[in-house]
Each structure stands twice: as C-alpha cells, then as structure tokens.
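Just the one chain here, the form predicted alone, laid out as structure tokens.
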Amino acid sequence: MNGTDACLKCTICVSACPVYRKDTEFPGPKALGPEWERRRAAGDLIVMDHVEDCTFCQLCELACPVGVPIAHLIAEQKDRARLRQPAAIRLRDAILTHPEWVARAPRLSTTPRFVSRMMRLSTTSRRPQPRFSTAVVSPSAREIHGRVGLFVDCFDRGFDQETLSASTALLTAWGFAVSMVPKSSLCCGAAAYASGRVDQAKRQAEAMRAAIIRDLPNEVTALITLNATCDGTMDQEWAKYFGLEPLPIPMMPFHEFAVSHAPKFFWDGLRSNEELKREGRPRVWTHTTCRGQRRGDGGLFALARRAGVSEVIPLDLECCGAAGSYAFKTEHETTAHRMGSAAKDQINHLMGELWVDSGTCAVHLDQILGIPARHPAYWLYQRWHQASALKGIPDKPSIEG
C-alpha cells in the first residue's frame, strides 16, 4: 500500500480528526500515516507513540483532497505497535478482534469489575445488554416483491435481536421474503483491521464472504445491512485492501432500502394517523456513523422525513467515540466520552428519538446523551406497530418474547 507521494502536507486530515481535537497528546493522522510511511520507506522501523489512539474512523481519508489512504497506513503501523503491548492488553484485543466469539455468548460482556480492571476494559462505558425479542408478522402481503438477504452482523446477532426482528417484520410486511445470512456467527474483519491485525482481518473477510455466498438462496436480489461499519468494510476494504471479489448481489443499508422500496401504504399509514402524531414524539435526532458517512450524511434524515416526522435534526457530531470497541478500552474511555459529549449542548435534554445506523454507536450515545438511541429499523417498527393498532392497518408486524 502506498499513497505518501500524493500527500500535499496540507493538514486537512488533521483538522478532520475527532481524536486530535479531544486529545492534546495525539499527534494526528498526518504524522501517524503518510509521514510514518515515508520514514518506513527510508528504512526507519520506529513505531510512533499514541498510534493505538486512532479510532480508524477514516474521516481523515474522507477529508483528504488527493485520496491518501491515511487510516489504512495507520492500521499497518498498529500491526507493529501491538507487539510491544502488555500481555493483558494483547489478550483483551485478541478477544475484541473476534466479535463473532462474543456474539455466540453475549452475556459474557458483563464481566466482574476485577476482571475488567485486569483486562484493561473500561468500567465507566456502558456495555451492551442482549435484547432477545422476536418478531412475528402476518405472512400475507399486498404484493410479493421477491426475496432479499438480511446481513446479520456480530452486534445484532449477539445483542440486538430486537432490531433483527423489527427489520424482518417490516421487510415481510412490505412484501419481501427474508433470508438471514450468514447462518453462523462470523466477522467481516472490521474489528481486526481497526486494531492493526491486517492478516487476521483478511482471513475473517474471506470466511465471511464464502459463508454469505453459500447461505444466500439463488433468488435473492439484494443484501440489506444493519450496521454501517460492516457495510463500509464489505464495500471498501474487501475489494480495495483484501483483494476479494465483490459480492454477486448489490448491498444496501436498511434505511436506503426502506426509502426506495417500502410501499406507499406503509408511508401513508405512518403519516396519516393524527392520533399517532399527537401521542408520538415529534422530534428525531439522527447520527450517521463514521463509516456510513462515505454514502453521505442525509440517508437517515430522508428516512425520518419520509416517515412523517415533523422535526428531524442531524446531530452536529462526527465520530461519537464508540468506534467499535474503542470506548470499551480503559486507555481510550476518556477521549471516547469527550467525543460523544460534543452533542450534549445541541440536544439540551429535549425529548426525542435518536436514530443511529450502528449498534455500538447507539449504546455509546444512549449512555452519554441520556435519550434512547436505536437503529432506525427499530423506530420504524414501533411507529408502524402503533399506527396499526390505532387504525387497524392490515399486515402489521408484532413483537413477541
């Protein structure tokens, strides 16, 4: 990987870095990325201090006017830096870079405080708690549109069955048969790559891609994703950095699929019920996570508007500080909370819903801001279920369990 020759030394990446603004000791992406790569190319094998403090949010790359792969250069340096870490941190990171393991036993996330301290896990950042509700929906639909795949990421598999349930129920109500993939718990490689374990990330990605192709029925026309980090990794890293062939079907975030494919009767049902408008919360905050911003920052806003929300306010926030497992590590917890707290003054304790397109970001923001933060599929389901109960709209989904 290269790109240092293109670096203009303009420091735009430094201005875009959310860690640099909150941590005075962090040298910034220009120093840790292209400047380090120049030194490495000249034979200097030094590992710079604070390289582990990079969140791998990739906002520096989004800001770079000439497309230098800054965050990916930093990830390569992290690969060397981890060898000098204490044994307890190496063990912790080895576990956290396998979120598919945690997804198989999610209750293990609640560890005793003495274990957390020993493994350098944060004791102040709230850890996700499993939500196990299941969805039931009428099998009938006004029109059958075909079959779609629903990508089951590690977080939703282990901790947010409610979002999986809501997504499945809504897709079914819209006339789509749903196949969840992969059937087994696997990881796309995002966590390992962010921690500098590049080879491990490639192996995980290869196994995930093979499982998706194996588990998808032939008639599936699109793969719907619920986590912007996984979506970004499969869309960007898999082809560009891992050398993998693209998936044989198009991939689309749930909120984009909803705007373009949900039927008219669904939106009419949400927008036309005056009682729902009076009883529902009129304000929706939205936060597009770092990886989701590659697709633009207006997707959640458009979804909320389409759903008839009277006031939609995108948070003035770049990286919230969650950054996968970043906020759950002792050495990063202070910076992570400072980053998320930047939105406190904007919300100012006003009531509302917070729509976030990544589960770990939702957990982090829920704790910091004190308002419910969930995936938009969950909120859409709640609004549809309420509208159906009030007006007797047919084909309504319901949650049991």
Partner chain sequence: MRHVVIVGQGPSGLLAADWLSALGAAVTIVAASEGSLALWSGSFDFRNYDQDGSMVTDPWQWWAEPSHRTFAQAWELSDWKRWWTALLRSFQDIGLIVDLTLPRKNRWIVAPTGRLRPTFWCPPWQWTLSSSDPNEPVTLVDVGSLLDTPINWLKARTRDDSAWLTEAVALRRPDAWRQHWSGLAWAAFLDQPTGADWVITESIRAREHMRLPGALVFPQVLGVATTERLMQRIADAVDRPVFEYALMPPAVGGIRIRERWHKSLKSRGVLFRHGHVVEVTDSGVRLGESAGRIAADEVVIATGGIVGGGLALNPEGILTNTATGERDFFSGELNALTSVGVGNRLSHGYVVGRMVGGSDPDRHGDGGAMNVWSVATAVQAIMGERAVNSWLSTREEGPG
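Since the structure is predicted, the reported quantities are computational estimates derived from the model, not experimental observations. Numbering follows the first chain given and starts at 1.
The discussion below concerns the form predicted in complex with its partner chain, not included here.
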> Is there a non-hydrogen atom of residue 69 within 4.5 angstroms of a non-hydrogen atom of its partner chain in the model of the complex?
Replying inline: no
> Looking in the model of the complex, any heavy atom of residue 15 within 4.5 Å of its partner chain?
Replying inline: yes
>> Taking its partner chain as it sits in the model of the complex, is residue 199 in contact with it (heavy atom to heavy atom, 4.5 Å or less)?
In response: no
> Looking in the model of the complex, any heavy atom of residue 294 within 4.5 Å of its partner chain?
Replying inline: yes
> Looking at 221-229, 203-211, 312-320, 153-161, which one sits within 4.5 Å of its partner chain in the model of the complex if you count heavy atoms only?
Replying inline: 312-320
> Pick from 149, 182, 128, 299: which has a non-hydrogen atom within 4.5 Å of its partner chain in the model of the complex?
Replying inline: 299
> Ok, 341, 367, 346, 334: which has a heavy atom sitting within 4.5 Å of its partner chain in the model of the complex?
Replying inline: 346
> Do all of 56, 81 and 89 end up near its partner chain in the model of the complex, with near meaning a heavy atom within 4.5 Å?
Replying inline: no
> Which residues, if any, of 165-181 lie within 4.5 Å of its partner chain in the model of the complex when only heavy atoms count?
Replying inline: none
